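As a starting point, one isolated chain is supplied in structure tokens, in the form predicted on its own.
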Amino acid sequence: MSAVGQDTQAAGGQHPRVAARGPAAGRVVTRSRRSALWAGLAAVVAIAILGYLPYLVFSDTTGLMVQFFQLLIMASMWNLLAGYAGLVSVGHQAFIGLGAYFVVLLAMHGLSPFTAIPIATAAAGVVGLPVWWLVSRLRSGYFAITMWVIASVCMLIIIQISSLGSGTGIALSGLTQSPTLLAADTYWATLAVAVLAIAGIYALLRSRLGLALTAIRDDEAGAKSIGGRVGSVQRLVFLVTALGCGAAGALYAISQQFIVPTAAFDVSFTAEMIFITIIGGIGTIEGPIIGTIVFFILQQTLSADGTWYWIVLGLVAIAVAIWAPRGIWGLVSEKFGIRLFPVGYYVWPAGEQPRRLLARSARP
């Protein structure tokens, strides 16, 4: 159930559009009833602890955390695209690969790879403009397959460029730090991008544009029928996800230090994004976070077991689809009424007003 659906339950089972209809004046529509203050304070503490982590652990541990944050960034972008804009893509590895190769290209011209991250991110977003023009009229399977074809075309183009190593790959230049300092810098850069990605998505969904996205997620045809600018909103979200995946690709290049086209444009990136989002909870900010934790634990525990790794992943996906179709976070949120990132809205019953409004009316 979506955030709107959760708030609908709290409003006595009526859909917000129905609840606001008719002469029932006095109903007040606000954002979520729950304050995000404590969740925000906890997030600040968690970020501070994570930022200090390189001083407490060895570089092997920070290397694992870099992989974790890269997965989180990619899954959050896919969730924004599919879970809110309703566009299911199996080709966003195109922007991951392009972000990686943009960093390589800029480093070849003397720019520090870390300085190149925002430039590579912006370049991936620029590439997203013509890509959106190609796929903007497509939906469902047609959109997904076309994105996969575009990713394959991007990979084939890179393979033809000998200065970028063709199909054999190329090493990333410009990393002059000691191994320990390089591991710490890579960790901090990845952490910063992950925090910016989640904070940016939260700010986007809390804005007026977020309300349009919520409407599109719940009923795209209905959103269009009441005058919602569905095409413009979807274009913006597509470009945002191109930027996010480009940033993840730039970080991937720095962490790997040797880039091969078949690996940088691997469709397994998208498979991991989809798996994480589905098991965590699509259409929520918390879902990709929970999904990344679950997937990363399974990956680190079972990846050495070969076939059993894929069997367990498949069983987990089947179990979630049957017993928790809204994902793990959806199950937890529905049972305990918890929302760490409240981005929905609430329709207050007639005669009942939010405390803030009551406080304002009591002022002289």
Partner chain sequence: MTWVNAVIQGVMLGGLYALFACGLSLMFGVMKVINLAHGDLAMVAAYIALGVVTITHVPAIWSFVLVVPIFAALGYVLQRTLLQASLNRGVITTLLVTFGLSVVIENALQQFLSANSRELNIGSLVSDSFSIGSQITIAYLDLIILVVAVAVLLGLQYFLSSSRSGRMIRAVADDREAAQLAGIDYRHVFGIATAIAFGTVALAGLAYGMYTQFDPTTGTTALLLYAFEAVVIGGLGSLWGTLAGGILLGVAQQVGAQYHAADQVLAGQLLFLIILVLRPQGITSRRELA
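Positions refer to the first chain, counted from 1. Fair warning: this is a prediction, and the values are worked out from it, not measured in the lab.
Form predicted together with its partner chain: not shown, discussed below.
Judged by heavy atoms within 4.5 Å of its partner chain in the predicted complex, the contact stretch among the candidates 240-248, 130-138, 286-294, 105-113 is 130-138. Although the partner is absent here, Ser163 lies well away from its partner chain in the predicted complex, with no heavy atom inside 4.5 Å. Within this chain, Ile338 is remote from the site of its partner chain in the predicted complex, having no heavy atom within 4.5 Å. Heavy atoms of Val149 reach within 4.5 Å of its partner chain in the predicted complex, making it an interface residue. When contacts are judged by a 4.5 Å heavy atom cut-off, Ala123 does not count as touching its partner chain in the predicted complex. If you take 307-334 and check each residue for a heavy atom within 4.5 Å of its partner chain in the predicted complex, you get Thr307, Trp308, Trp310, Ile311, Gly314, Leu315, Ile318, Ala321, Ile322, Trp323, Pro325, in sequence order.
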